[in-house]
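This document contains two forms of one protein chain, each encoded as structure tokens and listed individually as structure 1 and structure 2.
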Structure 1
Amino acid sequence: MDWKPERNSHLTLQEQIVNWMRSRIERGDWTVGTKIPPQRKLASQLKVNRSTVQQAIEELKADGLLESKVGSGVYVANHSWNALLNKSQPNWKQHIESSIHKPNIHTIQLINEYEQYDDVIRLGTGELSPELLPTKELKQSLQSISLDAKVIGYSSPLGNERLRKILCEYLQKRGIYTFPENILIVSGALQALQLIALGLLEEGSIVFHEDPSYLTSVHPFQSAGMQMISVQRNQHLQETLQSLKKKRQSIFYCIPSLHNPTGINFSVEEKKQLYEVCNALQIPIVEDDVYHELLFDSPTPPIKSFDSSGQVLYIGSVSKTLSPGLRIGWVVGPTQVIQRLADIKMQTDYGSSSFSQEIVAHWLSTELYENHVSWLRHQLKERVAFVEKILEEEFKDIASWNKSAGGFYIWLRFHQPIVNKAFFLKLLNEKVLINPGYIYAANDLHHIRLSYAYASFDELAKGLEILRKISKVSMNRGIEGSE
């Protein structure tokens, strides 16, 4: 044996011996079942203390490379190759499980996966049907957009200045009077929430929201270490918020127009009450207003229009109206807040798509956008009328719902608590995809978010027929089980 550990190495004698023995196994010099020389002999050959060899062998045994056989000695273990393979690769499972951003619940992972399959009927998706997207008009409008090298380079931290100026005029129609420096262009409303979580809140902050909530189906705040607390908007709201908030940082997240998933709309009085309560307690409001243009009746003014103290961060987007693929939304807020969010955004993606910003600027500055949204509302009215007719004829004995006021959804409530994971999977097995209530409120086994915006009329009819069939079976089994 020629090899011996070096006395002047930066590694300890034990570490060198472990590496040498490991290399003998890796090269196949010591195959599975090979008996290792006795400790005393190895110590003599390596010119080290026996205790050093003993500690090295114990480390390799702990790693699964060596094993002792009583009364016989130490051998290369049968599973040494698996142990070596695991040791030579990063422990990605450990990395994943200890990471900051937690995984979505399995149901949502399945929804995200099966939404990509063309043979699945999507009865819950929060997306417009391809036939409702202005594909032809978008292609034609590209001919009218003038691009230069500066425009298609990296965006400024706040986003395209022309788009922000156009948004100032657009937002005035909602009663929001602001300036370009108070607007940040983001890659959709979800990114706005992520930036708020990262840039404005400390770990352990409270995010107040209504129950059920879209926020429980995504994790922008939870993964940043925030505490989610659902509250009811009633005459005791101020006392409730005050007792829960104490001295901790907090915000109130709300969707006052066509709430996701319930479709509820706040009245003007309810909006003012929420603003006054949060203003008194100095709780910022995050107003998610991405659906308001899809109201069948005229929308009421947003909470931001009442804001005289910089209390409200207002989020808008074209994802629900023009195209989710453009990934363009905006946040309106106080200058220092917008600058902070812009700094975080530049650290994460270096600006939203310059091409998409130019397209949205062109559409908002012409009649294209308003004409499309007007047409889109008409199409959605036809779709919801079709679905509600089926519900009236086929579902009144098993479920209840409120007439849709616009947007994409009907919050359908079954009379019995049948909407569990098994129910979801039974429908998925029939190639019908739903958004069950329990992804928006953990204990909700009664509701589904029924979307009429994506599936075709034929698919809606077929999907609802399958939904009714499986619902009836589930209800009958529930009755039999209770007898």
Structure 2
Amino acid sequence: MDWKPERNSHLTLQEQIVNWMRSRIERGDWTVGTKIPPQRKLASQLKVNRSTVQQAIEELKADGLLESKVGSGVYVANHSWNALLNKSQPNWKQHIESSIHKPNIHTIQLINEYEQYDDVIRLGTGELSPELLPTKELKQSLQSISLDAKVIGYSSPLGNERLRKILCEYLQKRGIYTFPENILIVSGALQALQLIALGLLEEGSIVFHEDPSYLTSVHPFQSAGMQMISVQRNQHLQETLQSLKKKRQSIFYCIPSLHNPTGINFSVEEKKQLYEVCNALQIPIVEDDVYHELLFDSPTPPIKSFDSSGQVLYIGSVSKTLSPGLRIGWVVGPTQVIQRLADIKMQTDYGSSSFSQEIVAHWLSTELYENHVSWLRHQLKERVAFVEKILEEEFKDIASWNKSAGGFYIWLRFHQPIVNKAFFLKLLNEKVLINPGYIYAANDLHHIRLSYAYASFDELAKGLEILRKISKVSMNRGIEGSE
């Protein structure tokens, strides 16, 4: 939205806005059913008073081009458009509503939207703060990467071969011995899940996962028609899985290191137990290990390191350590699985950015990456100390939490179930963005995933102050309500 009304036009601001909106509708940019941006947002983007926007919208409503839906917003009107403009257009709204892929849940859509605004304090973001990204070093490294014509062409189905060889060496350090042919380069861990959903499971397959889980907040499996079932890892796990699985195909998705959102780490014994239970039932394990490098203490070996059955698909990424903008991750698995996923990736996007792959190869093959990650852990430790001090001083009466063992998150539990969507919106209204627990476990109204990785120290302090204030109000309301 680059357009703004002119101050010295012979038309009033309102007239200009009416004409502009009308033209967006007439040109087919705003088709029937399009929700137009909120008045406040429009006013700020067009640099006019909110009342001017409001009057313009009223005028278009009177013309029948726009219509209000109570509690939802202003939309391009359905009934009158064809008549007014005398043309037909596809029923996009119906196309969207009847199509296959699930939309993001509304809270996540709002998070995605508001993360773009600079004046919002992001207390939930699963992303490194700009000051934690090695911007200068990345820029320098662009001059060191080899960039021959082969690199900038389409890559082979499995991805850049040099990068896969380097990854073999890199993964050996954590006890995973593999070959380049057993690695597929993907555009981040989420794409790996998407490929697994489409390439290894039939409709109605069961995806077992922990509760809560990052997996609940994304839809690669649900949109492909899989059933999501959360299970507890306890001594009855094998019976539970067996009874739920019946004769269906299934996989077990887990994040054994620095679990997202809880931050929990499996012990070696827990990893072995899960491996053996799933092995006995022939259930493949998807081990999401994107936070591996960010454990403050030495990590224990991944489940994949004791896999001798080709049972574990192991996912890694540089998004949490080096730069999410590179969009580079990897999957390690048996040859035939990797070939299958590569075949679908070729049909999906013909491979990941060769430039990004070359940058990652350069970082992993020099000491750049390890030096950076070691510095990064140190920075995250300082951040977590800062946040835990505030929590200790200000939140003990209303919430509890475990000391962070690494990564980005504290799984903050409020004593009362106050974290509902109204709570999320109340904070958003104060320009504080949180990741509420209910996006990771539908019925969870106790938790938020507090991230100390993104916001600046000042923002963290200010954001936590607002969080505390709103929480207190919500708790008091809760108590009043229950009286």
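In this text, all values refer to a predicted model and were calculated from it rather than measured experimentally. Just so we're on the same page, residue numbers count up from 1 along structure 1's sequence. Only the largest set of C-alpha atoms that superpose within 1.5 Å between the two forms is called the rigid core.
J.: Only one is the form predicted alone; which?
T.: Number 1 is right.
J.: Rigid core aligned, does the Cα position of A422 differ by 2 Å or more between the two structures?
T.: No, the C-alpha position differs by under 2 Å between the two structures.
J.: Once the core is superposed between the two structures, does K61 show a C-alpha displacement of at least 2 Å?
T.: Yes, its C-alpha moves 2 Å or more.
J.: Establish whether a shift of 2 Å or more occurs at the C-alpha of S72 between the two structures, with the two forms superposed on the rigid core.
T.: Passes the 2 Å threshold, so yes.
J.: Once the core is aligned, what is the C-alpha displacement of S9 between the two structures? Give it in Å to one decimal.
T.: With the cores aligned, its C-alpha sits 55.3 Å away.
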